[in-house]
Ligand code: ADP
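The chain below stands alone and is given in structure tokens; this is the form predicted on its own.
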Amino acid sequence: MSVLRVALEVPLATLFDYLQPPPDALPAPAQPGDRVVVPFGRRERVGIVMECVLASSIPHERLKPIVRVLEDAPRLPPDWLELMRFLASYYQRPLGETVAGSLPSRLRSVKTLPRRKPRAPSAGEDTSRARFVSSNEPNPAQADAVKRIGAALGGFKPFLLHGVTGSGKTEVYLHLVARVLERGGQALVMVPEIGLTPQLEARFRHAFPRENIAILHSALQAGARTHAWLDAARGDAGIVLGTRLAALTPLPRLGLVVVDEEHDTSFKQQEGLRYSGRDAAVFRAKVAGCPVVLGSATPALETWHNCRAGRYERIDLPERAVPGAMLPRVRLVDLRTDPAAHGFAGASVAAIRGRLARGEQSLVFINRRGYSPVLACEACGWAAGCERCTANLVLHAVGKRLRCHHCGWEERIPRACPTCGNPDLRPVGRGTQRVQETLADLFPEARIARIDRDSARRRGELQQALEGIRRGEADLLVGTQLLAKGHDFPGLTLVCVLGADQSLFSTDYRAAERLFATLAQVAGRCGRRGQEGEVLVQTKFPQHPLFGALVRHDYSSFAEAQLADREGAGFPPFVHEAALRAEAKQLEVSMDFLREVAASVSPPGDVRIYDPVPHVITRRAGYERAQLLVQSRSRPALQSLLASWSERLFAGAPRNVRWHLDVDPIEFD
């Protein structure tokens, strides 16, 4: 009787052995990829059969047989199982946790899913294969991109589609997807933010009116996500469109993978299995043997480095797709000679006033929500801080509350300073709410729309607000990064950037890369319909090289300079990194834990373990946090060290410490 190795959703880095039942007990033997119900303690659990073996290290008489095979969903294919093994191994998480976290919640239940009746076509309905309705004829650059990538269909090859904002990358995606559908394949298209999904979904549904498109993201209700997952896994959906979790969906006929805005940090999961959706998509394409297209106007430096090394093929879209549309003119407003009053320099106010007079839209971008980042007492220096985090509480005018943007703690605004009793508490700094208030005072006749995570909390609010902006129902827009990514506003001709200097001299070596990407992306929102666009960046450092590259729209020189700095300093992508992080009620407990783990193994000579240090925001939600960084120029050597740590910690980490390993970390706060 063969033995089944089953992955279960338990906090143990191991597989569990079960017996294959006798032939007369089940309609058919369980196979790798089957969802099975197994006894586990006093309960029954759902597991995934990962492999069948002839023998077990556990005595035969102690092994229990599986209870039954769940046949309400397709068997998980071998390439999906290989993806799960890679993710669990590379990101140092239990295989059972990795597998279970990749499935919709309803597929992790022992209850069988209700049968779905196939929809019968109505009388006269055209049931033929999907037709492609192209809204635009590709320009020469787009046509060349489609030709070069299309020639690689049927084999694995990574491409970087480096197109300036407004260059029509989506049109390239549509034509490539059409070719894949004609060949009987499936296409996976990924976007970084849920807010971008409805806009892209509309484009795809217009282009493929008869194709079943599965939408997958974390905001879906459980039933909707399960149905979309099943459509993809059964091959009924030719197109799967979603966020990073879409990369974990079984696709039996995968023929193309597209990662739009591939540089975006939202593709990195920051809890549980801390995987990169972009990197998982590349591995997915490799296993499936199909091309993967990474699209961006400001590619991640890792991606740019892969192009330089010849691992990826770069294709450029150097001009905007709309005839006559030019990249916006970027102008630096020197705050040393044109000081800001209430956050706005005189040149910015004049530019906004001119657009209002012409009936054009303006966007004021500030990457800080709330009314003010600090509420302070000028008499004694007290500032409102979070009791659970080493961070200031952000003042929110709406609701008159103080809110922590790290743990969610809220409290009322005090009537007076709790330290000295001074009733004259003042907001320090600006957020989107305060900027909106200032604009309302400066331009009382203007219609102002604020777009941030506070104004778009309910389902559908963001999409409704964006549609209103496109219809011209707002004159002035105030927003954060939610407005910087992928949106097309026909009437927008001016972007004014506030607070751009905050990231220039950060200790985070990724800060300059992120700042350039953010500014380039938000600048790309304007002037996309033939009208001249202008971007004003308020700064006290107009001579900074980053701003010079931005003015020239010269990402290439910026990327090359950044890579030279990274190589000299020994930072990724020239080394590989991981962070071991710990949380406890006392900081010294976290620090001691990290010291003990670091001393538990002798690292290879090409692996460097740094001393543990507290996080920048040391206390978060009542826990004191610390981390240690590990670097190596050898990925296998680093992975070997992490595997030994992981095995030791899963076997017996102290209960008073919460820990995790973050491979290829992008956040260090």
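Since the structure is predicted, the reported quantities are computational estimates derived from the model, not experimental observations. When you see a residue number, it is the position in the sequence shown, counting from 1.
Keep in mind that the form predicted together with ligand ADP is not shown, yet the notes after this line are about it.
Shown alone here, D441 lies farther than 4.5 Å from ligand ADP in the predicted complex, counting heavy atoms only. Residue contact check for R278: none of its heavy atoms lie within 4.5 Å of ligand ADP in the predicted complex. Using a 4.5 angstroms threshold between heavy atoms, T165 counts as touching ligand ADP in the predicted complex. Within this chain, T226 is remote from the site of ligand ADP in the predicted complex, having no heavy atom within 4.5 Å. Stretch 521-529 is the contacting one of 207-215, 107-115, 521-529, 417-425, since its residues have non-hydrogen atoms within 4.5 Å of ligand ADP in the predicted complex. In summary, among the residues V551, I194, V322, L356, the only one with a non-hydrogen atom within 4.5 Å of ligand ADP in the predicted complex is V322.
This chain lacks the partner; the member of R331, R148, R595, R203 within 4.5 angstroms of ligand ADP in the predicted complex by a non-hydrogen atom is R203.
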